[in-house]
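The chain that follows stands alone, in the form predicted alone, written as structure tokens.
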Amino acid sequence: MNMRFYRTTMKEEGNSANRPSNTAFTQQRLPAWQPMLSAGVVIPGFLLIGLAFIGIGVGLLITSRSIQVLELDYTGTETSSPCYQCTMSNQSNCVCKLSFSIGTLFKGPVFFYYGLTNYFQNQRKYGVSKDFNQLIGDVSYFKSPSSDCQPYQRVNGKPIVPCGAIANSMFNDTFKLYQIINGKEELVPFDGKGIAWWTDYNIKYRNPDYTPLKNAFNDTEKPVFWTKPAYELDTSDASNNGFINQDFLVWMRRAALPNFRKLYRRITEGNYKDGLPAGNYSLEISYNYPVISFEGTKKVTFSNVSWMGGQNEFLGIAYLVIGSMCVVMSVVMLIVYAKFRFPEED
């Protein structure tokens, strides 16, 4: 009998130890306010939200459509394309020219992009095919690249720097833009500074602390498909050479979708700081990057921007759709309320 009483007492003491204190907060006795959602609140609320969304959507759509965009395909699959001869397997160092005209001032600053289609940079094995330790300038990994870089880890018995499929497949077409004035070509200056993400340039990628930079790459090989090693990407500017080369950084930041475009240059200098004047232009292309084998296409895009960024009608259309749905729902609820509303006493 005494043992049973002892066990009961111990059980009660154990429960009391875990019990919250007897306060209004812990016992959820605080005063609370709960809105009563009546038809007189919900219906006008849906209507106002819908009208606000429609207004925002119209503004976004108008802004997006005011952005000027010019796209030019230069894949060269059609015989009439100026770049058709460059798609032949026996062609190397091929150069082609695209001629086009602009009817009105293409307002600046103008952004110049290259675009690829059917190119899956988000593929898992492709995405991990690089050595982060190499890319932060750790020379100890230059001699022993990560196994993630296979099959672009070594060539001719020597380690590849930078290794991996992403670096190996770096886009290598180059472009020059000319304005045709009185039958003569005037070069339009390109600005290639600051086209990569700030974090990539200043934090994520670093060059080895070697002078000259070439010495850090002794007894290594360049990527298989590169025409020159990383330390020669821009020999005229040390701040744009090696692993911090702007074009290299732009390529290494992978695209999420198979159809994408990447920033190549800006047009912000000289006589073209206000944009591209109306007239005739010629785009000279060094055609190097193969896309026919995977049924891809290549294009260039000229575009300016607004306060909302580049041209993208999705956000404006989304606001219009949601706003219209809210307005329709408010009308439906008003009809239902008018027909089936309950007596006031209910």
Partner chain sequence: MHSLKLPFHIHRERLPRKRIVGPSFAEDEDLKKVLKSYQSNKIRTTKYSFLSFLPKNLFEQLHRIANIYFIFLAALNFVPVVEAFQPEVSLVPIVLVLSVTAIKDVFEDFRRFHSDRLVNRQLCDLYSSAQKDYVDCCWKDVRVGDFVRLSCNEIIPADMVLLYSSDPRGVCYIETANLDGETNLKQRQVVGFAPQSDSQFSPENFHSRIECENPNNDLNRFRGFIEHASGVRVGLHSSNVLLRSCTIRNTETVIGIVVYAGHETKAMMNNSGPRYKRSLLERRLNRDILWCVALLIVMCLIAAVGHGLWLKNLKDPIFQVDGEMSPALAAFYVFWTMIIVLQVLIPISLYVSIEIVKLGQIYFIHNDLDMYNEEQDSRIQCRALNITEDLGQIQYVFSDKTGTLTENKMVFRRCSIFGVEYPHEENARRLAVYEEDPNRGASRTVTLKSACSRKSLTCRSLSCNRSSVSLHTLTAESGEEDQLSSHPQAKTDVVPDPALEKKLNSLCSSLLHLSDGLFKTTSNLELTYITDFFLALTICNTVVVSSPGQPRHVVSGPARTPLKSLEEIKVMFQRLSFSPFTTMSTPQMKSSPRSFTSRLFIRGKSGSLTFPTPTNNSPSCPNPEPESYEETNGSSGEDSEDELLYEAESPDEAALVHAARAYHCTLRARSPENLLVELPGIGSLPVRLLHVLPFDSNRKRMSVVVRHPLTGELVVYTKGADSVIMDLAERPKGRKAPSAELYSHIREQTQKHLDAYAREGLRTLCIAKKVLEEEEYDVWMKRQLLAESSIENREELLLESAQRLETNLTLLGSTGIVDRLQEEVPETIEALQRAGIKVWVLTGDKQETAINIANACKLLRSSDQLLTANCDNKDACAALLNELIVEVQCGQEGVSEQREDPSSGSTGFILAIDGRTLDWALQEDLRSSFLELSRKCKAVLCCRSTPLQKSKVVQLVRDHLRVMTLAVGDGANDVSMIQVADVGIGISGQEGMQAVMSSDFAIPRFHHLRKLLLVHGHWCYHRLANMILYFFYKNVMYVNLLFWYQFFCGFSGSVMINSWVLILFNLLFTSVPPLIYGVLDQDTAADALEEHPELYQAVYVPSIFWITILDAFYQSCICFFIPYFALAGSDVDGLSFGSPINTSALFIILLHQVIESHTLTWIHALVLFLSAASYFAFVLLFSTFCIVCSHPTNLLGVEPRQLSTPLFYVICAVTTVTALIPRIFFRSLFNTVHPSALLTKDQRQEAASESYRRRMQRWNQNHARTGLPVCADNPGLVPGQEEVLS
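The term rigid core refers to the maximal set of C-alpha atoms that superpose within 1.5 Å between the two forms. None of the values given here were measured: they were computed from a predicted structure. Residue numbers count along the first chain shown, from 1.
Although not depicted, the form predicted in complex with the partner chain is the subject of the following passage.
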property	result
Candidate stretches 259-267, 76-84, 92-100, 231-239, one within 4.5 Å of the partner chain in the predicted bound form by heavy atom	259-267
In the predicted bound form, R254 touching the partner chain (heavy atom, 4.5 Å)	yes
4.5 Å heavy atom contact, T220 to the partner chain in the predicted bound form	no
Contact flag, T199 vs the partner chain in the predicted bound form, heavy atom cut 4.5 Å	yes
Interface membership of R154, the partner chain in the predicted bound form, 4.5 Å heavy atom rule	no
Option touching the partner chain, based on a heavy atom within 4.5 Å in the predicted bound form, out of Y119, Y272, F106, F190	Y119
Listed residue (S144, T174, Q123, T227) with a non-hydrogen atom within 4.5 angstroms of the partner chain in the predicted bound form	Q123
Within 283-310, the residues that have a heavy atom no more than 4.5 Å from the partner chain in the predicted bound form	Y289, P290, S293, F294, E295, W307, M308
Displaced residue check between the shown form and the other one: S293, CA, 2 Å or over, core reference	no
